[in-house]
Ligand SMILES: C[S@@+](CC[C@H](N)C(=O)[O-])C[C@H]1O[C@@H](n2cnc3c(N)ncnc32)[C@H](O)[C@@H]1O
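Taking the form predicted alone, here's one chain by itself in structure tokens.
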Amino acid sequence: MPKPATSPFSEILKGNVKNELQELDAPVHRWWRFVLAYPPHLVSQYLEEFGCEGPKCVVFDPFSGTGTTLVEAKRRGCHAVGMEALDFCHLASTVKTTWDTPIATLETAAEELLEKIASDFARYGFFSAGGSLFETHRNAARPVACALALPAAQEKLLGKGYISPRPLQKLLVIQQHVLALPPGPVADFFRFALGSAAIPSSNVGFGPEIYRKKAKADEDVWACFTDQVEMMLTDLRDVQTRPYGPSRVHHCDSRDLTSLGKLKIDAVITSPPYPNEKNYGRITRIENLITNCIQDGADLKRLKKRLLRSNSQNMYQGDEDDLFVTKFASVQKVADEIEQRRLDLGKTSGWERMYAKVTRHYFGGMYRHLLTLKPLLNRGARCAYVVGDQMSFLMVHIRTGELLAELADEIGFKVEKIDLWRERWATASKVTIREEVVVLQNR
């Protein structure tokens, strides 16, 4: 395969731009993001470059995550179609692109829901000193003890100390009322708001890995939740004043696109997981638990088995994605180098033994994805895959963009270019590594 042209995206974004929301990006996107999400302005650039405008243009994101591509495509009036395997991320992408629920309906539901929650907060003595939005529901003179707790199976999955007991009880009071709502867009709206309020109510941070901070005895969970609801309502009032495109998010594994039926796609803008030790099931664990997306270990396993194999904690007996890349010497070379480095360093842990295997399965899974995607693309359709070089597996350099381009070329895509999006400093390896956008065209 001839080496694709490389163009500096830094000319557009003026250098090493961080994954930060710009002022004009914030509405809807700010409802929930995690540290690994790419910025909306990156998506906007490629929608512009690909000429995506209007409802006849179908924009697909097979790894929709927090819904960044879908929101931007919907804003431009495009037909936005997403796919997401992680339960809470699917809920997030769906709610963030559901703009047609009447504001009056949501406001009425909010008043009734918050009245019930406020009553319970007062009964349990949960309101902070100094008043609240619900002055008529001040703490009871003799608050009753709150016996709410996570079921044992869920508590086992929650990291120790990730949420202090009192904030957790407050979240569970809200959860009790939110989960009692009739199924539908209104219930999803408040369930998503609950999940979004869980992290600021917890003891965790991201850097980018999830970690436990110093435990706090209490948190104003009422404010976390009500502020989230008001912010979402404010943004919905705004987007409903402008034209927007239709949308749908499928809850599926992106290695199998049969659920899309006969859909014909004009553009793909996405960022799949990178081959490293980022465990997406762990990063979103709190949100999945507090919204009852995951109820036990079997649920968690079900969720993880639908994910692209990208880390050592997400491998299962019977996986066969590696068979799709046996013919690619470049992939085999990288995997063999990782295994040899492991042997040279005397690394014997179960996770480290998986690194070479994960690498093969990752690129095999991406090959499967691209193979099933190609027949759904209109002729000339263009795709942008945001990926990053990695050195997580024993410091062996994985040139993700170059390898992905090679797979795509063999399948029959035209590799237009590989844009350098940004360069970032890898703390562990003490080197600068590239994050790129692989741009493909369906021949």
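All values reported here derive from a predicted model rather than from experimental measurement. Don't overthink the numbering: it's just position in the shown sequence, from 1.
Omitted here: the form predicted in complex with this ligand. The next part is about that form.
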Hey, of 147-155, 179-187, 196-204, 266-274, which bit sits against this ligand in the predicted bound form at 4.5 Å between non-hydrogen atoms? 266-274
Which of these residues, 120, 253, 299, 352, gets a heavy atom within 4.5 Å of this ligand in the predicted bound form? 253
Quick check on this chain: which one of 75, 306, 79, 342 has a heavy atom within 4.5 Å of this ligand in the predicted bound form? 306
Is residue 225 close enough to touch this ligand in the predicted bound form, meaning at least one heavy atom pair within 4.5 Å? no
Just to confirm, residue 34 within 4.5 Å of this ligand in the predicted bound form by heavy atoms? yes
Using 4.5 Å between non-hydrogen atoms, is residue 390 touching this ligand in the predicted bound form? no
Indicate whether residue 65 is a 4.5 Å heavy atom neighbour of this ligand in the predicted bound form. yes
